[in-house]
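Below, in structure tokens: the form predicted alone, a single chain.
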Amino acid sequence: MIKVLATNIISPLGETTEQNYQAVKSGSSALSVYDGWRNIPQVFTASLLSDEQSKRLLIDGYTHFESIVIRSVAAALNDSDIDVVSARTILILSTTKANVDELAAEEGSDGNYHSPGRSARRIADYFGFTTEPVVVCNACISGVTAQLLAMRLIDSGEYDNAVVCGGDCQSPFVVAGFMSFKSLSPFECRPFDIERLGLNLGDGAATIIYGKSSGNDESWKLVSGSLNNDAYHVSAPSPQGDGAFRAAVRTLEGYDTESLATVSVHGTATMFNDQMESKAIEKAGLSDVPVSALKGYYGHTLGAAGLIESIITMRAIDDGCVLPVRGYSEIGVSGRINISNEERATDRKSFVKLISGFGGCNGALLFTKEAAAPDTSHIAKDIRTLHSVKIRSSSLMIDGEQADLKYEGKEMLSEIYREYSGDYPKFHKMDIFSRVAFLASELLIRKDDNADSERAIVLFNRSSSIVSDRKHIASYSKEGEFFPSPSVFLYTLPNIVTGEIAIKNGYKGETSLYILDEYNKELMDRIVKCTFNGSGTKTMITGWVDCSSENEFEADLRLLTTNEL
């Protein structure tokens, strides 16, 4: 359990938490129609920072993305007294595409592009952090994953404080990608409504500073959380909401749901997500709890969503209300949920945050302002390696033994697939990064006789999904040629590979991808250890997988287990 020390939100609605809350409270929305925006040939509605606001927020020597993150972190730090220089303080950054607009500006070359890990390092250096920052890149659930990671790292004793910031800036890269899925609405979004047509995107950055909690203080506390894959499809949620349901039930285990003021939902206003989420809420026994959804005010802010929505919900409950669902009018989902477009009063002091995303990932967090008993279950477990696989551009090693291969690079991967797998044709549709990670995981799994449906997949890398990023940029960046492919865009979300592994093997445990500026075994081991301790995981596929080009890649994966088996 950890407590909230300070918060900040920067969005088109304001540059402080209070400005944002008062704007939402008054019913304001930053959603506007954009036609011909940055050469995008289709009309869409989004919540974007104005040119004037962007210019004012820009910090000399830093990208637009880095600037809004720095501004948000700085504002939160001003309201706290933590020591950022301390070895007991960590920066956790959640984002989906970070500086990808800079990569597009370089027309696919590296140029001055700052990868997510490098960008996090620059932000950390700006403030004087002495510890290595972590980037959470878990698609739409990145902000929730980042907060759960903060809780685990603090509860396990690795750190005393965590500065968690989520941010994303919309760009032609992201807009074109969502257009390829035909998921953007030309009008203001209408979560859970029968007339909903799709989502709106939004700019934003939000920060929560967390510290240790005794459970008896009057601060907001993050009490528990869970991440679960539904092992259904990499771009579509399980129709019955299995993953979201499991995440909610695990998070609320042992908690009296009568104390919940609201369920803060993802509420993207897409046809399938809203339907899935309604079924998950019903199955979890939360049908009578008021639902709150904020996409009608902010749009989908991607890596910032889990933080913005948590902060605004805390502030609303402090104000004794459940905010109305803007855009909602008539129920358009089959799951029984308690939803309204009018503000409702509440005297309850807890809520659960639900969120889902591409790659089959689902997350839930439980927040409370009530007294709560500290969780004493975070006992360090003995972790041992069952098997290991190392893949390089010209070699393969399984449990320390060198394999005899004829080819190198991309052709070598096809050779490994034919020799050791060959029974999963979808392999040929994956991008190169996913192929490397998928093959390494398959080799591990084939060495293990013990099936574990709750197996976790926790991967680390440096280059994110840069190979697919460049391919996606080429599909929309030439004048008069706007042909973004959903299959290419999907793999620009690097966590998709964790979904591929989960789906192939029916794994419904935790799946996450973290980005570091450089390989850091000590930090990776800390994250792995606290994931075991905080999730109930018994086996895990984990390690480093990086791919900088079609023929330059590396994987160093292990299958781990605990002494509980």
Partner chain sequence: MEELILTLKEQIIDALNLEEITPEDIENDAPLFGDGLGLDSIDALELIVILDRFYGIKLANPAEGKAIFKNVATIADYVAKNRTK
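Fair warning: this is a prediction, and the values are worked out from it, not measured in the lab. Positions refer to the first chain, counted from 1.
One more form of this protein should be noted, the form predicted together with its partner chain, which is absent from this view; the next part is about it.
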Checklist entry - Is there a non-hydrogen atom of residue 490 within 4.5 angstroms of a non-hydrogen atom of its partner chain in the predicted complex? => result yes
Next on the checklist: Whether residue 485 contacts its partner chain in the predicted complex should be assessed with a 4.5 Å heavy atom distance threshold; does it?
Outcome noted: yes
Next on the checklist: Is residue 182 part of the interface with its partner chain in the predicted complex - any heavy atom within 4.5 Å?
Outcome noted: yes
Checklist entry - Would residue 429 sit within 4.5 Å of its partner chain in the predicted complex, counting heavy atoms only? => result yes
Checklist entry - Exactly one of 233, 446, 392, 88 has a non-hydrogen atom within 4.5 Å of its partner chain in the predicted complex; which residue is it? => result 233
Next on the checklist: Which is the contacting stretch out of 278-286, 162-170, 311-319, 233-241, given heavy atoms within 4.5 Å of its partner chain in the predicted complex?
Outcome noted: 233-241
